[in-house]
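Here we start with a single chain on its own, the form predicted on its own, put down as structure tokens.
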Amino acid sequence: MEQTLSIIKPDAVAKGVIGKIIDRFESNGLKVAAMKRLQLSRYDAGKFYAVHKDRPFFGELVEFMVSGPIVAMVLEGENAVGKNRELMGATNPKEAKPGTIRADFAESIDANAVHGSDSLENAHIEINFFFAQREII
């Protein structure tokens, strides 16, 4: 049983599609083990996305992630990392397969509705960034 982090980003929260996105996960065998809605500070967004700090889009990414509330979740299930990434679709929604979250709810490569851990190692790091162990059931 794997765990992965999923974030519903500010654009999708603003559209009111939180429930629709969660339904995609649950309908495909992933369970929500923890969930919280929060507003990231610039400091926290910068720290979370520090891996991208030298890339030209870093500043815009941080500004986007603090532009509104997010929903952070721990998803659990068999092959949770891979399944979550498959359900999300390609980073660029124009390249995402029909029926994926990004194809259906994202507006652009920047406002792409969701984030998901890209490996088990990063899932562990990202989960610990947002959740204390006692919050994961």
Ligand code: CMP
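All residue numbers are counted from 1 along the displayed sequence. Remember, predicted model here, so these are calculated numbers, not experimental data.
This protein has a second form, the form predicted together with adenosine-3',5'-cyclic-monophosphate (CMP), left out of what is shown; the following refers to that one.
Exactly one of the stretches 23-31, 36-44, 72-80, 50-58 approaches adenosine-3',5'-cyclic-monophosphate (CMP) in the model of the complex with heavy atoms within 4.5 Å, and it is 50-58. Using a 4.5 angstroms limit between non-hydrogen atoms, N112 touches adenosine-3',5'-cyclic-monophosphate (CMP) in the model of the complex. With a 4.5 Å cutoff on heavy atoms, T91 counts as touching adenosine-3',5'-cyclic-monophosphate (CMP) in the model of the complex. Looking at 1-40, the one residue that comes within 4.5 Å of adenosine-3',5'-cyclic-monophosphate (CMP) in the model of the complex, counting any heavy atom, is K9.
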